[in-house]
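Below, in structure tokens: the form predicted alone, a single chain.
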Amino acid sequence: MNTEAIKDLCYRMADDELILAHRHSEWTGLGPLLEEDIAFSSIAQDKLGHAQALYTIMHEHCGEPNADTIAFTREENAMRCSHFVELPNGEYDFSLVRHFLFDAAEYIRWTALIQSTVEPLAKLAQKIRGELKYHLYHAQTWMVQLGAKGNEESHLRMQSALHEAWPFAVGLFEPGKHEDSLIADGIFIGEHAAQERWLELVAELLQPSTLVTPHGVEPVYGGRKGYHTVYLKPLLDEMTEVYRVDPSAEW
């Protein structure tokens, strides 16, 4: 089995989870409702746990460094996260739309990985898929509430945020150089198939919201190859500040 293909897949997924966890955590104390402060903080913790689990699989089965070293010592061009997770939170409408679109994509990925021929990934997928049901339910609830049950302004703002986020969300499915190996070895269904399933799921979940997904939009690629937005470097500097003071410290 192609170890490089497994590492590439895990890096892409784990880096997305790590960076979005940091973005979600920035809402702590700033959300419009106390319940939303708690919800985004809880989801951020889950995503950080997902990233750690993936980094640990790479450490134990692919010979990569330990999870902390992977997460906190790599430079910007070594990260494989998508541009979507790097973008600043902006207004709450954008963060909600990103939350919804990203977790729909993650639900598709982890559901597919339950059938992976890589046993550690398949076992992890069983656990994470259960958590993602609640993440996705939370996100969809707000899409419907603000899209269909709010007022004209809330609908327009959510629709605008959906248009802004869409090309970056589609960019989550940027194909890697090991696509053929992932599919042939039964490790993962591949980015094209995942995107098709995601589009179907998003359309289904958005139907009661009256929000409309854009069409004919070019996806934003580059992050999977190490080319990032101007927002990633400051985020990494902030995220790794404590670790870099003393990398040998144990908590």
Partner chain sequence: MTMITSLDPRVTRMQINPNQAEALEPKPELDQFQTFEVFHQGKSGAHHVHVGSVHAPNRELALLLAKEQYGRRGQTINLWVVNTRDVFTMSAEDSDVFTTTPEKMYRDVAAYMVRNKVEAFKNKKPDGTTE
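Being a predicted model, the structure only gives us computed values, none of them experimental. Residue numbers count along the first chain shown, from 1.
Here the subject shifts to the form predicted in complex with its partner chain, a form of this protein not shown in this document.
At the 4.5 Å threshold, heavy atoms of N66 stay clear of its partner chain in the predicted bound form, well away from it.
Not displayed here, its partner chain is kept clear of F72 by more than 4.5 Å at the level of heavy atoms in the predicted bound form. For V202, no non-hydrogen atom is located within 4.5 Å of its partner chain in the predicted bound form, even though that partner is not displayed.
Proximity of E60 to its partner chain in the predicted bound form falls outside the 4.5 Å heavy atom cutoff. Only one of A193, I38, A184, V217 lies close to its partner chain in the predicted bound form, with a heavy atom inside 4.5 Å, and it is I38. Listed residues W142, F94, W166, Y107 were compared with its partner chain in the predicted bound form; W142 is the one with a heavy atom within 4.5 Å. Note that among 80-88, 176-184, 143-151, 116-124, the stretch whose heavy atoms approach its partner chain to within 4.5 Å in the predicted bound form is 143-151.
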